[in-house]
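Shown here is one chain on its own, the form predicted alone, set out as structure tokens.
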């Protein structure tokens, strides 16, 4: 490489870093602008209609101003301290923000095709658009899982790209459907409108987004495509359960029960499922580890083993997934305690949901302790990641379906 070529490459890298940093700060400014709208906006925070406040001209002014100020701060900071352009936080985070912005854009476009308000009734929700998009999501995610499995046996680049591409499309379809469902809940009545994280059907879709997104970020960074056969199979199993939920009426938009009519729901529930989704990815990595370990023990051919990431890499990916999910789940538990104190007058009641959430926290806390403090690696931790997710599934589903308590509003009945 000549000196002039190296110089061009250096400046290209610097400019790319500056653009990523500006976008990163713009997104932060946008979020702060929306927070400012809630606290200091002309009409103040309206629990029933804040979604529309954000999308109004007032929201555009507050959010747009925040984004412009954020970009300006990034330009000044990067000029004063160029070393910031080499940081990885902005580059790794911006694609997530870009994806969320694309989902919002797609939902806004889709909302233009909703039936007129006079043709929408609470009793008959069959003509709403979100269920059709959810069905599209179902087909994409199941197809992606099947294609990832096919990639294990026929690792052609085309098959791999098809699996990855349909997983991305499934994420965007899921995000668009959830946001559109949020809008649709307001079409019946402003008092019915609520964030789409209020029942099992909705949070399953949210977990699909988190699980697939965390996995795809690992695939892109670590070239771990074969792990998709295991992670996306978990997602596909969830898709079929979601279809069953819809068949028993859980897919209908319903008014919130009084216990859920709180701003805490919008932050506590999503953080919980960031944890659950990350633990699902750790489970997928653990299953892939165990399969490769068995193949190696049985003398599997080099061609078959070449498709899988190495045992060391799978062990590391399971750890990274838990390292993402555990802080999110911890924060969700703390937020849940704060919500409980506000709603029920106490931070902890040893309700079955709370008890099993503590068990999940202890399982993954012990996993991290064994890994970081005692240097555990390998097969034992792979089984731990799989077993930990089974505990998580019971906390998520088993408690809701079989146990009663203060969280009984989450049951299927």
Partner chain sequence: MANMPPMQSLPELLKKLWQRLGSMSLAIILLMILAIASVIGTVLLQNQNQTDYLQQFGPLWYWVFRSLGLFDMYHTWWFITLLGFLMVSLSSCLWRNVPKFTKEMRARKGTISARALARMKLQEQWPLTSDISIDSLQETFRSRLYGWEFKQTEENGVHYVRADKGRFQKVGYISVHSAMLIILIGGWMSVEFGFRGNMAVPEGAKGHTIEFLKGTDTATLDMPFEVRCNSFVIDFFPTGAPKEFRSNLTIIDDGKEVLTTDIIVNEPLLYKDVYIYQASFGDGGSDITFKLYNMDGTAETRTAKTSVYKSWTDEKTGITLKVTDFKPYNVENMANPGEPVNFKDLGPSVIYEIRGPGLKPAKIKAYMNPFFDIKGKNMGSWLQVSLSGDKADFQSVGLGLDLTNPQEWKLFHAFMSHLSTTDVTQEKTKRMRSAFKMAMQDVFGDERPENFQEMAVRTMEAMQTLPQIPWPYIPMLDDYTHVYYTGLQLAKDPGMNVVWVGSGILVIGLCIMFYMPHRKLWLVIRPENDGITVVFAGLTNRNHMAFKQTFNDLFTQFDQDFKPKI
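Note that this is a predicted model, so its numbers are computed, not measured. Positions refer to the first chain, counted from 1.
Form predicted in complex with its partner chain: not shown, discussed below.
In the model of the complex, residue 86 approaches its partner chain with a heavy atom inside 4.5 Å. Interface membership of residue 204, defined by any non-hydrogen atom within 4.5 Å of its partner chain in the model of the complex, is ruled out. Contact check for residue 152: every heavy atom lies farther than 4.5 Å from its partner chain in the model of the complex.
Though the partner is left out of this view, residue 64 does not reach within 4.5 Å of its partner chain in the model of the complex, counting heavy atoms only. Just one of 307, 159, 200, 259 comes within 4.5 Å of its partner chain in the model of the complex, counting any heavy atom, and that one is 259.
The stretch among 206 to 214, 281 to 289, 115 to 123, 242 to 250 whose residues place heavy atoms within 4.5 Å of its partner chain in the model of the complex is 115 to 123. Looking at 206 to 226, the residues that come within 4.5 Å of its partner chain in the model of the complex, counting any heavy atom, are 221, 222.
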